[in-house]
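Below you will find one chain, with nothing else, as structure tokens; this is the form predicted on its own, and questions on how it binds or moves follow later.
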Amino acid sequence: MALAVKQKEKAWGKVLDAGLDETIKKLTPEKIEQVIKKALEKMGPGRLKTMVETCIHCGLCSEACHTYLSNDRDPTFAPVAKVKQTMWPILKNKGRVSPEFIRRAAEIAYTECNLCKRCSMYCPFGIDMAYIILSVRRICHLLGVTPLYLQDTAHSHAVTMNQMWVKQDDWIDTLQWQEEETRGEIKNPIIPINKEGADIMYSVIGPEPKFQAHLMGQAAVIMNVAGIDWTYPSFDGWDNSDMAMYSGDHEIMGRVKRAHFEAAMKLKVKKIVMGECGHAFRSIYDVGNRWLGLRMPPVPVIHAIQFYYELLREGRIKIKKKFDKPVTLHDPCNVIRGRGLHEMARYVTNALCEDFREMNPNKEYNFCCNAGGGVINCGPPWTKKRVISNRVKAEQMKATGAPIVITPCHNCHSGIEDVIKYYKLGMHTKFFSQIIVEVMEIPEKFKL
């Protein structure tokens, strides 16, 4: 393993991360064993042991992994190898592993796997690699060994109940500011706050009010033109993101999801519509809800892709003139493989765009952006490793010849922009909402 690590470091250099390098100094083999035993008791070691021992090392998962393919098929990047370097020794040695082992296990779990589940689609036994790697992250978190940037984001959730340390007055100011901004787009726009009994509570992720408030303005234009009865909460629960889910801090994850659900229930809305974010949807529909003991969310939830699909299909949004630049579509793992919205995404793309060019492979077989699963949130120290480890995505996008990549997910959007820049592809990313606002017909009553 030491040789493999050294070879990898040649590509992106030795990465220093205080969240890994400094924290392992406080660990002893005895403490590690104690924490792991307690963690495995809660996780159910039988399930993990069954998955690990069911693997026959056939290698089919390898060809499914973008990290493996992008690193010249280095066998240490194969999904099965990631398990053999992490959970396998943990179970075999019953938690008796060294601090240096935990440091390496954390690097693998947090920066070499996006939990995208593409490998599980190719596994003849359907082994859930994402569950195994998430379990490794949980152990690392309980030992205090988490990439610093990711841990800082989890702390933000703990303190402010949102990803970006946005204070309540800043959140309300942003809503009012965006209502003002949309007056330059349509006549008399309204961004309702705390409207009880609305059909929809619209929720966004922390980076929108912090860095991308224009997306909230665009959402307001769409809502007003489509005649949607909607609202935002002014209080905690407006942020649907959840990096604690990916850091392994299930306790904070549970608090964040409870706040989100309770905001919707307090406002007595009929449905939650989540903005264009994949991990947030996973956290509310598949992970955080189950940590709270809920089989399904207590309030119906749909992703923006489905929302736009319904608006276009029902004619609540009409298209004035289709977007005329060639586009391709990235399939976010958490809403395509994880929720099956691939055909809806294509309906929306074809309704909005004249020249849609598919990536190959596509739909549920599309490659991950290599930013999701918390990997991009491990921060700048790991950026070079992340983009080098997604060469296959760069090749896939370049082959389409399209200058625009539609990315209906925030992490995908940012991660793919990094890939485009690193490989000098001359492309650009767009959310669906950006294209909708550009091509939609504005009814007479809203025209300036």
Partner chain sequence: MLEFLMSPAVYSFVRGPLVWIAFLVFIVGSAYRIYVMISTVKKEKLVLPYMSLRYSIRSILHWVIPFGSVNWRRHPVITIVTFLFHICLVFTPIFLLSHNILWHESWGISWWTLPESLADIMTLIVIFSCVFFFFRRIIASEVRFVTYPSDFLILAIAFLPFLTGFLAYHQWLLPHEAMVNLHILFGAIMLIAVPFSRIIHMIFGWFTRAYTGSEFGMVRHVRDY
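Bear in mind the structure is a predicted one, so any value in this text is a computation, not a measurement. Numbering follows the first chain given and starts at 1.
The discussion below concerns the form predicted together with its partner chain, not included here.
- Partner contact region in the model of the complex: 336-344, out of 144-152, 336-344, 269-277, 188-196, criterion any non-hydrogen atom within 4.5 Å of its partner chain.
- Mapping the unseen interface onto this chain, Arg290 counts among the residues with a heavy atom inside 4.5 Å of its partner chain in the model of the complex.
- In the model of the complex, no heavy atom of Lys320 sits within 4.5 Å of its partner chain.
- By the criterion of a heavy atom within 4.5 Å, Gly46 is counted among the residues contacting its partner chain in the model of the complex.
- Proximity of Gly184 to its partner chain in the model of the complex: non-hydrogen atoms within 4.5 Å are absent; the residue sits far from the partner.
- Taking Cys353, Val80, Ala105, Met243 one by one, only a single residue has any non-hydrogen atom within 4.5 Å of its partner chain in the model of the complex, and it is Val80.
- Every residue in the set Thr50, Cys55 and Glu364 has a non-hydrogen atom no more than 4.5 Å from its partner chain in the model of the complex.
- The partner is not shown here, but in the model of the complex the stretch 54-85 reaches within 4.5 angstroms of its partner chain through a heavy atom at Thr54, Cys55, Ile56, His57, Cys58, Gly59, Leu60, Ser62, Glu63, Tyr68, Arg73, Pro75, Thr76, Val80, Ala81, Lys84, Gln85.
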